[in-house]
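Below you will find one chain, with nothing else, as structure tokens; this is the form predicted on its own, and questions on how it binds or moves follow later.
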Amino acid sequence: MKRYILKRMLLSIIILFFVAMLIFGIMRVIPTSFVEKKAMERAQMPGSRSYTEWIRILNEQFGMSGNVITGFFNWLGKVIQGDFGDSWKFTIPVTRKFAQVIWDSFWLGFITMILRVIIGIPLGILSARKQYSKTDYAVTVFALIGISLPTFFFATLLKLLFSVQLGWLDLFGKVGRDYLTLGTWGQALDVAKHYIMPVLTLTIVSVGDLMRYTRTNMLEVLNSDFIRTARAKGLPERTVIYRHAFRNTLIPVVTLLGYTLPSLFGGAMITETLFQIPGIGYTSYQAMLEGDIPFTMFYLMFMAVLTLLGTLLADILYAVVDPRVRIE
């Protein structure tokens, strides 16, 4: 196992190198950026330099001029040291801005993941146990609705119902107007209240695939010979389902959950933007609109690392949930 993990980590480093090269190349050839915007603004000022001259000056200032290959390795050397430069939009180091916003995304993703597991796996098992019953059809319809609903559409429905019609929740934001006047518990409850609609949105649109995945694999396991043998021995149905069948269902389910790591730390860009939750997703969206290349490159690299870690974690968990799985 140690040898396998080491091999996968080395392979991930190689993949990450080429991903970094691709990201840097794309950022260097995009048609518009912060540099062009700032050059246009400064060129229009009275007595200022020309637009072309400002382009040259700003490119040199932000390290966007010169040979692409040389520029890439210079940038990569700084990245290895944890230096992603200063954000052009937020005018502070990229890593400092990241530290300010990551926890909003983490808690949003963490709560959503917990609810997704609590709702999706039990309902998937229940649907498989009562195949072709009204319960099965109800769970299936609920799962398909969640899979089919676009995030922005469902979020808009929640806003219309809970904010516009009922007036229970604010349309957007992380805190309310009276946040600073509240005590510690009051502030915590205020933040939790503003997280209700974003968490509900993410849970509903993501729980359906886990429910369907669990149901499909549970049905396959329930039709296996060892399940029929367990029932023939007279074991209680609860023991058959939750001790024998469920453990074998976990292998593909773990695969799906392993890929939730990017969403746990990477933020939900659409949802955070719709509700203006100041997480990494919404912050990255703002940076991209402004052509903030340093922050955008950091965000893309961050998502690439999370994806590779999620894949590695899913592979390792195979052997944890099922002792029959052994990696040579």
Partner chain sequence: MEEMDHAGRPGENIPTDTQPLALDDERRVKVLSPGMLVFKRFVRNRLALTGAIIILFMFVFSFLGGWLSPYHESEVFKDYAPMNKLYAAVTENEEFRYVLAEGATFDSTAKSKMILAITRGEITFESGGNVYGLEQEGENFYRVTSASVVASGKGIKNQFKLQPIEGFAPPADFTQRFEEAVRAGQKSFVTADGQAFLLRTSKVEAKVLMQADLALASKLIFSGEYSDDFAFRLAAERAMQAGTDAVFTADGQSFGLTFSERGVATFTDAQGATVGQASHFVMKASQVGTVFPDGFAEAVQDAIARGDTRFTLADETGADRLYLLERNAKEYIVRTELDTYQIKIYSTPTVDHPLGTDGNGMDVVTRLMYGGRVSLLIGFVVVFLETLIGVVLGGIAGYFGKWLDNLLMRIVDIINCLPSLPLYVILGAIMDAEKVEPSLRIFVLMGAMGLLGWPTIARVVRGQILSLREQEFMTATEATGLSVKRRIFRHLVPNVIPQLIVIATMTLGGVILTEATLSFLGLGVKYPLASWGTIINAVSSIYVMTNYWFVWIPAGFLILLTVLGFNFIGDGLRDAFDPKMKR
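Nothing here was measured: the structure is a model prediction, and the numbers come from that model. Positions refer to the first chain, counted from 1.
One more form of this protein exists, namely the form predicted in complex with its partner chain; it is left out here, but the text below deals with it.
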item: Distance check, Arg116 to its partner chain in the predicted complex, heavy atom within 4.5 Å; value: no
item: Contact label in the predicted complex: Gln187 to its partner chain, heavy atom within 4.5 Å; value: no
item: Contact test in the predicted complex: Leu11 vs its partner chain, heavy atoms, 4.5 Å; value: yes
item: Its partner chain contact in the predicted complex: Pro150, any heavy atom under 4.5 Å; value: yes
item: Listed range touching its partner chain, judged in the predicted complex by heavy atoms within 4.5 Å, from 88-96, 159-167, 118-126, 71-79; value: 159-167
item: Answer option from Leu200, Ala192, Leu171, Leu256, heavy atom within 4.5 Å of its partner chain in the predicted complex; value: Leu171
item: Stretch 193-230 - residues with a heavy atom within 4.5 Å of its partner chain in the predicted complex; value: Arg212, Arg215, Thr216, Leu219, Glu220
